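A single chain, nothing else alongside it, follows as structure tokens in the form predicted alone.
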């Protein structure tokens, strides 16, 4: 921090277990990654190479090394796991993780249909190889899960070995835990939090209004994901009450 300001909320310290900022890299160049890390690396906890972009990203190993040298873990989006798995290439996927030195992996079923017991088996298998982040919720806006089902799925995946569970919203923030307008399904979130500890969940929140809502509900150290690289610094100011949206929210607390 560049200045001394009193009455700021206390942020957790890296490596964090809560208060994570997960950034979505949708195809940054090496130079863009360098610039991003120079400005926002200190506030970034983990980077997802969105969906299957890693399959078509040039100089992928060099990009991963840039993040690694900055001490920021990376992982391939869950859609890549699904792309391998739906083609009966799960073992090939495991070899790819090893080839690229990946320490994290995402297991999701947002684009493919898979029995949940089988998904949990994949989580168990991968958790012996890497740290697993699993995603709950569908990318199909017509698939609406009842709160009890979200809870059941999240509990099962945590028990299977997931370090964190992601609440699906896509990069647009308009499915899963959100309505098509981007509005939070507040009742759903409240129900989930009665059973699942907030520090175990990464809430995908690409829109500023969504970030503000979760920070006001859970606090500065809520885990937020699918943050655009250019929005990391703005998000950190929201977490600290240094932007109009949360300016007086933390004062006197």
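Positions refer to the first chain, counted from 1. It should be emphasised that the depicted structure is a prediction, and the values quoted were computed from it without experimental measurement.
The next section is about a form of this same protein that is not shown, the form predicted together with another copy of the chain.
Between another copy of the chain and the residues 200, 68, 55, 185, the one pair within 4.5 Å by heavy atoms in the model of the complex involves 55.
Though the partner is left out of this view, residue 243 does reach within 4.5 Å of another copy of the chain in the model of the complex, counting heavy atoms only.
When contacts are judged by a 4.5 Å heavy atom cut-off, residue 29 counts as touching another copy of the chain in the model of the complex. Put simply, residue 138 is far from another copy of the chain in the model of the complex: not one heavy atom of it is within 4.5 Å.
For residue 163, no non-hydrogen atom is located within 4.5 Å of another copy of the chain in the model of the complex, even though that partner is not displayed. Residues placing heavy atoms within 4.5 Å of another copy of the chain in the model of the complex fall in a single listed stretch, namely 78-86, out of 115-123, 154-162, 78-86, 130-138.
Along 1-40, these residues reach a heavy atom to within 4.5 Å of another copy of the chain in the model of the complex: 1, 2, 3, 4, 5, 6, 7, 8, 26, 27, 28, 29, 30, 31, 32, 34, 35, 38, 39.
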